[in-house]
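Next up: the same protein chain in two forms, each one alone, written as structure tokens (structure 1, then structure 2).
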Structure 1
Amino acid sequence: MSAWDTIKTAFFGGLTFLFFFVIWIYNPFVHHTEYEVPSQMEEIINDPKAAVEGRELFKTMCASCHSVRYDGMYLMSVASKPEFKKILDSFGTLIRIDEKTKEKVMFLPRDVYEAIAMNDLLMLKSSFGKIPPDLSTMYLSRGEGYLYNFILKPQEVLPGTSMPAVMTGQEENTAKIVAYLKSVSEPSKGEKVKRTIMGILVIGYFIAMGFLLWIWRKKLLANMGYGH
């Protein structure tokens, strides 16, 4: 390999590394604001048992405005409709069987859910100015610090937000709700390992194929009288 080939390889290898660093680890173009979480509350957020309690709290305190479709949690006004169970049975996908109630927890595709929930969503929009979002992936996009502080004191974190301060003074319950949203957003440890291995294999495949294509290209050039 010539010096020029070495320089090109190092350059494009560095660009590839930088790309994945920005995508997976740290994006310098995004504003990163640190939101503190008391250590005691952080322990609750990372406790799987607290997530179970958090689900019940979410159903009581949050499900009048928000859904969590990835965990079969829908607006209370929608879930109480007589025809909703039939729609779940027809279009839903089983997530799990609830250990306590023995009921099916079903995932409903977005288009199907919005079709039956449209009137309820529009009523929420008329009250709050916009439709409250589904929170299935909110933990992944915002993180525990933001969610904990926003749920606890929304106006301080996002002045002018239409989110009401329903959890003021309920630090522990807020942490449990965040624990629940974390449990929905994050896969199990076994699934995390599988995804990590898959990611490594995919990157390894592209590196190997790139190397083989480079060798093949050199052979083609040599056969054509180039490359010396």
Structure 2
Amino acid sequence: MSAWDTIKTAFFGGLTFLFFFVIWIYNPFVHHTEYEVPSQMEEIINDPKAAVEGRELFKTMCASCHSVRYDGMYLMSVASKPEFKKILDSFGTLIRIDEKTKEKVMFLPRDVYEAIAMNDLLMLKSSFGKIPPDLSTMYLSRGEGYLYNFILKPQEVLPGTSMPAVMTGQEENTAKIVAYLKSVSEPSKGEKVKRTIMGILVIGYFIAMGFLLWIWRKKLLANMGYGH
């Protein structure tokens, strides 16, 4: 390759790499809002045991307004309706069996759930101006920093929000609730390790195959008299 070829290759290759880095990995041209989480709280958020406690806390502190349907957590007022258990049995699918209570945790399709919860949801809407959202995927859409700060001080993070400040001064419990929401969205630790190993194996396999093909090709071409 001549010097000019090298320059061209470096220019186009570098530009392409830079471009995809900006759009796919880190874009310095758009504003990213960062939310601080104190490091002890971060530890709690990452602790699976805290997530179990967080679930209980959620039931008492949040389930009067919010459901987490992906974890079989429904509005208190709906879950206590006499017909609710029948509805779960007829329309629900099993998520898991609860370790402590040995009860079935069931997933209900959204339309079935909203039909039976309609009055309760509308009541919440008339008090707060909007229906408090289901929190199943909130961890994925907002991230833990936002959730921790919002749940602790809703007005500071989202001025004008109708969500009441129910956790004021309870940093640790807030972190536990975030840990719970995280556990609903993220795979368990064991599953994550499996996925990481699987990823490394797959990537390693393709790299190894690439090298083998290359070496094989060299040998083959040398035998056929093609040089490189």
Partner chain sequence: MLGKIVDWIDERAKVRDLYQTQMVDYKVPKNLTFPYVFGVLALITFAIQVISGIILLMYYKPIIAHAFDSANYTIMKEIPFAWLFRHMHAAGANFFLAVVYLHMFTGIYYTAYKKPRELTWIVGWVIFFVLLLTALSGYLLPWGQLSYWGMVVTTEIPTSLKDAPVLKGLFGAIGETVSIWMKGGFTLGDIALGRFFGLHVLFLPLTLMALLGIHLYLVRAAGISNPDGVEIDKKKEGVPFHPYMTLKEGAFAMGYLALFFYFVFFNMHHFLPADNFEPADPLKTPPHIAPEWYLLAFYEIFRSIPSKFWGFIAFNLALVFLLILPFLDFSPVKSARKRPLFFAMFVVLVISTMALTILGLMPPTPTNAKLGLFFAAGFFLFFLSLPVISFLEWGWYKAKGGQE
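Rigid core here is just the name for the largest C-alpha set that superposes within 1.5 Å across the two forms. Not measured: the values here are computed from a predicted model. Residue 1 is the first residue of structure 1, and the numbers go on in sequence order from there.
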| query | finding |
| --- | --- |
| Pair member that is the form predicted on its own | 1 |
| After fitting the core, Met198 CA displacement of 2 Å or more between structure 1 and structure 2 | yes |
| Angstrom shift of the Cα atom of Gly13 between structure 1 and structure 2 (superposition on rigid core) | 10.9 |
